[in-house]
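First, one chain by itself in structure tokens, the form predicted on its own.
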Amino acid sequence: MFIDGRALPAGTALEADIAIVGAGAAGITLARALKDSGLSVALIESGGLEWSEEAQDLAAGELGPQTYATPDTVRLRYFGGTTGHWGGWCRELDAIDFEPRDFVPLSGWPLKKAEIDPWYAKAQSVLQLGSPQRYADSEGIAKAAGAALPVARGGDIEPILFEFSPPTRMGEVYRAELEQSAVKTYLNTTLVDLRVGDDTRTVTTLTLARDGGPALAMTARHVVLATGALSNAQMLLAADSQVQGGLGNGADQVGRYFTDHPILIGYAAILALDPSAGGPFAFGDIAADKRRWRLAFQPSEAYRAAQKRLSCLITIEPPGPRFDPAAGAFDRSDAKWFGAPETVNALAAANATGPVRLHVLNAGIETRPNPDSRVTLTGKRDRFGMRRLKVDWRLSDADLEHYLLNLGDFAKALAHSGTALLRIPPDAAARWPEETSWGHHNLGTTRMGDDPRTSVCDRDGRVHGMANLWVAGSSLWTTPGAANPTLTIVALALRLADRLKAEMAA
């Protein structure tokens, strides 16, 4: 059932067993998983069914000195959330991503990957992916596609896979299902405050603002914040009228450890000497077994542990200049990526036994948790009186250093296979962080953990010290790994749905 909050009469009493705030990947997944539970479920969305300037303005905020996307462009406020501009890249986090590592301070999740695997399997169907998961089966997919791998599995740098969702625009794909369900979806309805009882541990009331009328109050037995890493932190920090510093912030942890995946395109390039390094399997998505895949390269888990190395996921971009053997030169030249034209021409001529192309490399890299990289509130307010947020994303030179080391190992693997030569420009480090993009993967800010001194939520997503306040989505991330987060967001939301069912049944 869809309800436009703007049309509700003043004083309308609202209530639910479970109130889910935010109708993006996490919120819609939760609502679908709970819709037949016999519980009354409210799904609260600040926007409408389509994008609007009015709703998007509520996401606006400020930036720190680091180059980054403004908050109102990195997230979308309407039904379906940021799945509305998601590229569909799916991959599970690796087992080592969940482990404490002595070379990464404050690393490790309170969960093992094996504890999430059952929900990873279920998340595949939610995102319209195939079954079973085959993220490590690059050899099998290459064989099915009639392609070859430029480096073999089992080495220090391994070929691995992304699987592509169509992508699933959750606001479109699951709209009819939720509209026809018992879930009450309140559109154009914005959470602006969380009120707690005398014990300060129990959320008793949600204050919901809407255009055209006074705020409404909703009571709920359990509340889940599923508004993304920026807004989840904003909501907890802003709920400070009864609890100094905001809810769940007794140890000043809310909003800290914010990160994204830095995207580094053009920090290196390869001279592809063999179709396996320059063919379509390397730089574009490919159909195999009625599914769509993309090849990437990353240091193996064992190698990361042995070398004390952060992760990255390297992809080969579509081909650039083509070598003309008759002319002994490339059809165009860009010294920025592979050095002086005479040098790359000579390398191509000496090694060419077939088509030779130049390719730029792209990568998403892992970062270390940084408590000073954070989301805070400013003194500016939106039209509902909510304090706007500020994002201060801080990148470390040490994180780039690990990527450059991984690139060096990739260069060795390609040279050993004879499929390509890789060049890291001498000014690569000088480009950091100004020539850095990002994955729009807002992570951290309400991190999971067993210790309330260094985390905001427990291993189930319940806010430390709160009886009925939970968090879903990528704000739970502790160490980010290098994989895109959407598949894990959905898996954790499915896990939380089961936890809430058990909580309500107890």
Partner chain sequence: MSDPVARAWAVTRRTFGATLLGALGLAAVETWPRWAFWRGAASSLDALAGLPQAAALKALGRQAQAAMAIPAGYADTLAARLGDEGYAGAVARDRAEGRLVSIDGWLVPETQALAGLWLASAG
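Residue numbers count along the first chain shown, from 1. This structure is a prediction, so every number in the text was calculated from the model and none was measured.
FYI, the form predicted in complex with its partner chain isn't displayed, but the following is about it.
Peer 1: Test of understanding: in the model of the complex, would A269 fall inside 4.5 Å of its partner chain by heavy atoms?
Peer 2: Looking in the model of the complex, residue contacts with its partner chain include A269, since a heavy atom lies within 4.5 Å.
Peer 1: Give a yes or no for K290: in the model of the complex, does one of its heavy atoms lie within 4.5 Å of a heavy atom belonging to its partner chain?
Peer 2: K290 lies outside the contact set for its partner chain.
Peer 1: Would A429 show up as a contact with its partner chain in the model of the complex if we use heavy atoms at 4.5 Å?
Peer 2: Taking the distances in the model of the complex, the answer for A429 is no, it never comes within 4.5 Å of its partner chain.
Peer 1: Is A340 one of the residues lying within 4.5 Å of its partner chain in the model of the complex, judged by heavy atom distances?
Peer 2: Result yes; A340 sits at the interface with its partner chain in the model of the complex.
Peer 1: Of the listed stretches (94 to 102, 127 to 135, 417 to 425, 195 to 203), which one has a non-hydrogen atom within 4.5 Å of its partner chain in the model of the complex?
Peer 2: Checking each option against the 4.5 Å cut-off leaves 417 to 425.
Peer 1: Identify which of A306, A350, A176, A398 has a heavy atom within 4.5 Å of its partner chain in the model of the complex; exactly one of them does.
Peer 2: Of A306, A350, A176, A398, the residue with a heavy atom within 4.5 Å of its partner chain in the model of the complex is A350.
Peer 1: Only one of K112, K412, K380, R153 has a non-hydrogen atom within 4.5 angstroms of its partner chain in the model of the complex; which is it?
Peer 2: For this set of options, the contacting one is K412.
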